[in-house]
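Next up: just one chain, as structure tokens, the form predicted alone.
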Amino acid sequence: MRTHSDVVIVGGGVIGSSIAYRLASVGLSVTVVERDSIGSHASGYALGLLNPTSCTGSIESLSHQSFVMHQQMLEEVEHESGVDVQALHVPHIELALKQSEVPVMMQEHDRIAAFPNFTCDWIQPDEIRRLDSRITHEVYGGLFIDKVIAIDSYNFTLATAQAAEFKGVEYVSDEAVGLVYDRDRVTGVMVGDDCINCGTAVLALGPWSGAVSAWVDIDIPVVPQKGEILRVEGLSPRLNFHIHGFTLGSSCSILQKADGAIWLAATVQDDTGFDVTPSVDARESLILRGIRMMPELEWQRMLLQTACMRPVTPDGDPILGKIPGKEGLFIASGTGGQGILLAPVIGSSMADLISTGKSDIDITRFGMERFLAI
């Protein structure tokens, strides 16, 4: 383990690794401290759908910028790591499963059609059936968006970390236990009884970010949100679309990944702490939602059920930038269920902010200060 790095990043998930990759690309020495194996939490279990058209509000612009960056970054990290991220370019079909959803989707059509990187068409029920007759006939139409990208989130996280190592980043498999300060300037990160001296530290701890509030003397308002995904036996012929809809009071995605398995995603459950035990309720709910959109899934064998924790904030937006009142200390967390999509833009903007003091990508609205003013 190095005794000194220009930057120490606490947390080696997709966000921490993306920042490390970009920092190393501009010549800074970087150490990433990760207590668990890479991709063993949310970064490795996410659906891996890159669809910025589903993002609205404050992160809409960021998500579209990140989507464009992804297309270059996927090739880069695959080449530098030798890891296949299993990218698929697939159309997205948003189903109107109730008549009342049609006017809302028409508004969504106008919003999405304005984006230069996507085409969006309203399709009638008979057109949906022609695309794939296995989609439910109890549908009132839908939006057809060509094309989004699906990747393997674990492989992408691993590829990013290994590409960062290729550029000289050191990964330390241990637990960071605190920060060292000279007055209000961070000078090191404690790893067990050892200190890695640094000029800059980044907290990229995902759902565990709130647990280190004592390190920075302010409350970091990030809490875990449980999400579960079900993988079932793939369809033949394969499903060549990402299907999404709202049914049984919740949303559901159906996606056949590159390895052939169908993923049904995902549940959302708050106030569970850090419990990642897969639940019977989640499994039954995902099965029922999936069957509502594709009845044939009723006969597909279940392969795997996973649960993980997403990092969420009170307003649903990420926290990016400097830690107020501390010099040389930054945070990147609170990405909710969009961490995989946002990784390139967060990696680039945070690396620019750390290395040059500013970024051409505007992330000022995502600063910690918005919570301190409440």
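Bear in mind that the values here come from a model prediction, so they are computed numbers and not experimental data. So that there is no doubt, residue numbering starts at 1 and follows the sequence shown.
There is another form of this protein, the form predicted in complex with a small molecule, and it is not shown here; the text below is about that form.
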- Choose from 277-285, 126-134, 171-179, 110-118 the stretch whose residues reach within 4.5 Å of the small molecule in the model of the complex, heavy atoms counted. 171-179
- Touches the small molecule in the model of the complex: residue 349 (any heavy atom, 4.5 Å): no
- Item | Close approach of residue 266 to the small molecule in the model of the complex, 4.5 Å, heavy atom | yes
- Query: Hey, in the model of the complex, is residue 35 touching the small molecule, heavy atoms inside 4.5 Å?
  - Reply: yes
- Message: I'd like to check something about residue 10: if you look in the model of the complex, is any of its heavy atoms closer than or equal to 4.5 Å to a heavy atom of the small molecule?
- Response: yes
- in the model of the complex, the residue from 345, 319, 42, 323 with a non-hydrogen atom within 4.5 Å of the small molecule is 42
- Message: Looking at 329, 69, 28, 308 here, can you tell me which has any non-hydrogen atom within 4.5 angstroms of the small molecule in the model of the complex?
- Response: 308
- Message: in the model of the complex, does each of 14, 49 and 339 have a heavy atom within 4.5 Å of the small molecule?
- Response: yes
